[in-house]
Every structure is written in structure tokens, then in C-alpha cells.
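Only one chain is shown below, in C-alpha cells, and it's the form predicted on its own.
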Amino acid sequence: MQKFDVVVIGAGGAGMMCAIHAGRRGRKVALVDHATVIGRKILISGGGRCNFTNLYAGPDNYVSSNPHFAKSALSRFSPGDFIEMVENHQIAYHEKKLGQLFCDGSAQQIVDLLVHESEKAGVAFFKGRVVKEVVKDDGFLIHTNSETFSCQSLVIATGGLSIPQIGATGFGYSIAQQFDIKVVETAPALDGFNFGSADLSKFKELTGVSVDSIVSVKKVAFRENILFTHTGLSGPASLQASLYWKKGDPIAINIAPDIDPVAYFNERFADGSNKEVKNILAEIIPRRLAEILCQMENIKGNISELSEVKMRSLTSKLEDWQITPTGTVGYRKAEVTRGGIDTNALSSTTMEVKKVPGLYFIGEVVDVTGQLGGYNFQWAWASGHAAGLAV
């Protein structure tokens, strides 16, 4: 039997951050993971450059049944704290947009940083270990395919269901069920939208078209590009909206956010333009999209022939195009899993389960989900840090 003070199951970002801070406190720590390659989700993030944090990360950037839960951990480990680690390892980085920080080089640099700091703190890695059973006695026994570990503090950092092809599983939720801990309903998030057959038939010629837009769902709106795909809609603005979307909700798209469409058409009409409506539209949105909109509205001919009714209908599509997706693409493509371990079951200071002393949940497995742009990594670092100071 392998005896440790702390066993962390899941050697991703949150797990390694927890192990680092626990090891620095002199705790004997084991990092146990079923994979043989460490940090695979880090490695594929940000197009292989890892969007490792966001300068503006704060509680308002996260979705949770308890929106206040993340405040404590985020306030005690800020983006600046992780940037300091990055700079200490002489990793060059840049701000891409909207506070999003990426490595100039490879995401492997972030994994190497975490592995190096873990090893420096005396953390032992056990890769390729599949946990078969967790037993609670005076502490915990963790039976794997290779050996048994014992510990006083057990940390679950196994992530959510997103991207199963790199090893994501529902292990953390199974542990919660074992200890009668509520799990908030999970769903794929930061994910593209699928459209129904009727909408797809209209948009099939738009695959690959990207346009600067504002996408709104409920009372939340995001301005970035959308991208039409063969199944529906992707692009940053769509992915952001998916975090707040639930089945049956419509989404509203403004595909001409910098103009007043009614005023624009009235000006062109007053100028005596003889241009076709689709060509005038193509001055402000991609040509293929302009042509499809005119087809949908059954608009042909020059602007001088455009009736007030048709013009109002067309401009409403530009400002407030209402579409109800049938769903999202799913966990294979979703960047994160919304929902998870109910935060009411956890201490916001330590991430410990209130009714099971010594058991902790951190990272994506918890019902705290960040927006697109480095926020979820910042939650991994912050929640891992919080638990690492307590285990």
C-alpha cells in the first residue's frame, strides 16, 4: 500500500495546482491519473498555445447555481499570480484580445511549468492508474488497477464530460453519487449550435461564412464573430452564448452591429441608388449572406423597388435575427461542461465537502463554468490553490 497525506485524482491544471501548493506545505502528495500523457486538455487548448488566463477574470465571468461561490478562490489567486509563475519560468506570452493571454510558443510550456513545480514540491506522479474503488475509513483508500493508496485528504480533480476522446469521464460525478453529494445537471457548454432541418436548408450555402455579430440569449450578449457550419453556428460569439443557453431558448443575432439598418437603407434610397438590394447588403455583410437573406425575404431587384414593409422585414433580420437551435454539437466538441458538483455542498474557502471531511472537489467537475477566453483555466488555478492550502 502506498501511504500519502494527500491523493489528488486527476493530473490536469487544477489537480497539479493543488498538488503544488500542498507539496510546498510539506504534505506528502500523490497525483494519480488514468492517462499516460499529463495535461492533454492544456495541450490542445488555444490552438496548441494555451489561453492560460484572462486579465479580467472575476466572478461575473462564471456561471453557477451559486454565483457568489467562486469569489473567495478567485480573489486569493488572481491572474497576476499565475502570470508571475509563467514569467518565473521565462515563458513568453501575449494578449490576443479581450484580456486573453496565450503562450508565444507551445502549450507544452504550461504543462512543463506545472510538472516542474509539482516535482520541486515533492509530488509523486502515478500515470496510467485507473481508479477502481474509493473507500472511506479513518481516511480514504483508493484502489487502482496497479496498487492501493491511502490518504487523509482526497481531492477529485477529474474534470467534466467534455472532449471524451482525450479521456474525459464522469468519474467525479460517480464519486459525488457515492457520498450522496448533489450534482447540478450537466450540459456541454462553449459549444456550437445545431439547427433544425428547416434552418439548415436555408443556410447550407453559408458554410464557412464568418461575420462580426452580437449574439444574445436571455439577457446576456456577446460581440465577436459567428461562423456558419454544416450543422449550424459556431464562432466565439456563438460559443459564449451557449454557456447561457438551454434547450428551447431562442438566440438573437445582430449581424450589422455598427449601423442602423433602417437609416442606412433610407439614405441609399434617398441618394437615388439603382443598386440591387443584395448588392447594397453586401456592402455591410458577406455577399453570400446578403444573397441568402434576400432569398429568405423574397426580395429581388433594385432598392428603388423595395417596399417599406419588405425593408422593415429585412432590417429586422439584420438587427434581431431570431433562431431557435435544436441543441448544441455535444461533448465531443464542447470546451467545458456546465453544471457539476453542487457548490452548496462545498466550502468556498477550501473546496472541502462539508459533510465528508477530507474530501475535496476542484476545477471543472464543480458547478462553476467560465466564459470563453482563459476563464476556465483561471478557475482551475484558483480552486486548486484554495484546496492546496487546506488539504
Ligand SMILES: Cc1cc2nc3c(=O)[nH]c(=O)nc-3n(C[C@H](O)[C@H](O)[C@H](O)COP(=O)(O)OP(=O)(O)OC[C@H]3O[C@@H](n4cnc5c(N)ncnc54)[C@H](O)[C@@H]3O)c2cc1C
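Numbers for residues come from their place in the sequence shown, where the first is 1. Predicted model only: the values in this text are computed from it and were never measured.
What comes next is about the form predicted in complex with the ligand, which is not displayed.
- Although the partner is absent here, residue 348 sits far enough away that none of its heavy atoms falls within 4.5 Å of the ligand in the model of the complex.
- The closest non-hydrogen atom of residue 57 lies beyond 4.5 Å of the ligand in the model of the complex.
- The ligand in the model of the complex comes within 4.5 Å of no heavy atom belonging to residue 301.
- By the criterion of a heavy atom within 4.5 Å, residue 46 is counted among the residues contacting the ligand in the model of the complex.
- Partner proximity in the model of the complex, defined as non-hydrogen atoms within 4.5 angstroms of the ligand, places exactly one of 322-330, 352-360, 335-343, 63-71 at the interface: 335-343.
- Residue 129 is the only one of 288, 129, 317, 268 with a heavy atom lying within 4.5 Å of the ligand in the model of the complex.
- Put simply, of 163, 200, 256, 294 only one has a heavy atom within 4.5 Å of the ligand in the model of the complex, and it is 163.
- Remark: none of the three candidate residues (5, 29 and 148) comes within 4.5 Å of the ligand in the model of the complex, counting heavy atoms only.
- In the model of the complex, the ligand lies within 4.5 angstroms of at least one heavy atom of each of the following residues of 2-32: 9, 10, 11, 12, 13, 14, 15, 32, in sequence order.
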